[in-house]
Structure formats: structure tokens, C-alpha cells
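Just one chain is shown here, as C-alpha cells, and it is the form predicted on its own.
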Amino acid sequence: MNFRKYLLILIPYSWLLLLFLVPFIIVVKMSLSDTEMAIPPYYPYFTLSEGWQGIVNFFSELDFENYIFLAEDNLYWKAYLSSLKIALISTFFTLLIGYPIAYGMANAQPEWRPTLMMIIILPFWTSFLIRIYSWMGILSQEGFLNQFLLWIGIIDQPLTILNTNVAVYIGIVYTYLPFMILPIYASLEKLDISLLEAAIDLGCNRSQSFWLITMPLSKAGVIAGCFLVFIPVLGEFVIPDLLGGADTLMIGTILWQEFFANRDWPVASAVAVVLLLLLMIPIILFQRSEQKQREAEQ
């Protein structure tokens, strides 16, 4: 029995070891290396052919110069701050749009819920790049959005939306909206309706019962949805590259340029490590708050 228990635990931990920890250690090692015109473009290399002395020499040649470079260059900190701002604003608008949709799905007739769920996940059946390219056509000056606004008389001349931060926000909210809707819907669907009925019987109106009952009980879904949106958006590359302009500065774009345009793998690895550490901060804070809440309930 104990063997089966350890075997079940060993499988996911082995998966994490091979697909997360080992690649992360390699990236950390590259971030402590120096750039070199070679293949691969960094030095030193880890090898066991020179024995223990080779291992000692390898670790002695690692340094933190790439992290010092990131701290001294304003471009990278501006990219981190810009990415953080875009991720926070995008997460807010995704929540603002996604919560009412999830609430409507949870309160729909049971026979309609599978259809509504299918509508939400239907965009995943189409290629991500095709959907972003379609937004390029929609948001261009000759695109559908400008033509529609001109037709109904809201504007007199086409708006410049493509290649701006507004286009980036539109693309991000559209792309990550299902990731916000689904966890919130899962929380709302399990909500006990009798609690709302009891609140109404005790004198609460629908608005008060929503803020006192529904919103607190759906907090877990809201937090999960915010994490599912915020974390990938912070390192997003494709959407700002295709829909953004010269003023759109995100750390994902900088990371791609360092890896492929500049072939500076050590600096790019340092950028990736700092980004991962920044993402771990809200996760750790969330876990601590959840632990304190569980301890308080006990």
C-alpha cells in the first residue's frame, strides 16, 4: 500500500523534475555565464571530462554580471514595469467582462449550460495566430471596426487603433477571456442557491445578496482566473508583437530579441529568471493568505 502511495507521488514529481526543475537549472546556469561567439553562444560549459578540477573551474567562472547589467540598464526595468502595468490592466478588464458572463452562464437553465460552455471554448478550436491576425484586419484603418463606426456615424474619419497599446489590450482580453470565465463559472455553478434565498428572506435585496453571498463564495474562482490571465500575459510576446507598436514595451519582446536577434543567451536567461522570480511573489503571497484563512477556519 505504501509502495503505491509513493509511486503515485513519484510520477508527478518526476514530471516536474524533468520538465521544470532541470530546464530552470540550465537557464540559471546560462544566466551566470558569459556571451561568446560560438555554438552554443555562452561560456563556460559543464563537462566531467576534466574531473573534479574541471567542476571547480566551471563554478569559479560563473558570475552575476548579467544581473548587474539588468539592474543598470533602464530598458529592462521599464520593460518589466510596462509588462506589469499591461498585465494588471488586462486582468482587470478581463475580470470586468468575464465575471458577468460566468454569472449569466451559472444562472442559465441547466439545458443551456453545455451550449454556453461550448461557445466559450469554441475559439480554442482555431489557431491562436489566425485569431490574432484576424484582429489585425479588424482593427486596421480599413478594417471592419472603423468601417462600422463610420457607417453608424460615430466617427468622421478612421481611428488609429492597430499598432497601439489599445490594440494590445483588446487582443489580450479577447485571447485570455475564457481563462477568466471558466474558473469563475466553476465556482458559481457550485453555489448553494438556498444561501441566496435565506439572505433574501432575512431582508437582503438581490444586490446585497450578491455582494454578501455570491461574490465572497466565488473568490476562489476569481483569484484562479486572475492568476491564469496575469501570469501568461506578463510574459506575452505574440500579441504585442503583432498588434502593438513601437511604444509597446513588454519583457516578452525583449526576451525574444535577446535570444534570437542579439543571440545574447546569458542576458536573455537572466531576464527570464528575474521574470520567473517576479511571478513567484504573488503566488507565494496567495498561498500564505490561503493558509492563514484555513488556519482561521479551523
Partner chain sequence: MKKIMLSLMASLMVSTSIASAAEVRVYNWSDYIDEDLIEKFEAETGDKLIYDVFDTNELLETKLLAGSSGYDVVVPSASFMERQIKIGVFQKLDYSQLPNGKNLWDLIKQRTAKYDPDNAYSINYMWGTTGIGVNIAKVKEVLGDDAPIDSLALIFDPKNMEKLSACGVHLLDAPGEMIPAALQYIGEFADSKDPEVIKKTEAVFEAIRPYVTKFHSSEYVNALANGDICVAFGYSGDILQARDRAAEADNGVEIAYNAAKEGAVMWFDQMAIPADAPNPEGAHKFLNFMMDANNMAAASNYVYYANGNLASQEFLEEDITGDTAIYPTPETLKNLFTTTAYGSKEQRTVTRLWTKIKSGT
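All of these numbers come straight from a predicted model, not from anything done at the bench. Numbering follows the first chain given and starts at 1.
The same protein also exists as the form predicted together with its partner chain; that form is not shown, yet it is the one meant from here on.
For the three residues 37, 41 and 261, a heavy atom within 4.5 Å of its partner chain turns up in the predicted bound form in every case. Put simply, of 192, 156, 111, 73 only one has a heavy atom within 4.5 Å of its partner chain in the predicted bound form, and it is 73.
Contact check for residue 140: a heavy atom falls within 4.5 Å of its partner chain in the predicted bound form. The closest non-hydrogen atom of residue 254 lies within 4.5 Å of its partner chain in the predicted bound form.
Among residues of the shown chain, residue 150 is not one whose heavy atoms approach its partner chain to within 4.5 Å in the predicted bound form. Taking non-hydrogen atoms only, residue 69 approaches its partner chain to within 4.5 angstroms in the predicted bound form. With the partner left out here, its partner chain still marks one of 200-208, 180-188, 219-227, 75-83 in the predicted bound form; by a 4.5 Å heavy atom cut-off that stretch is 75-83.
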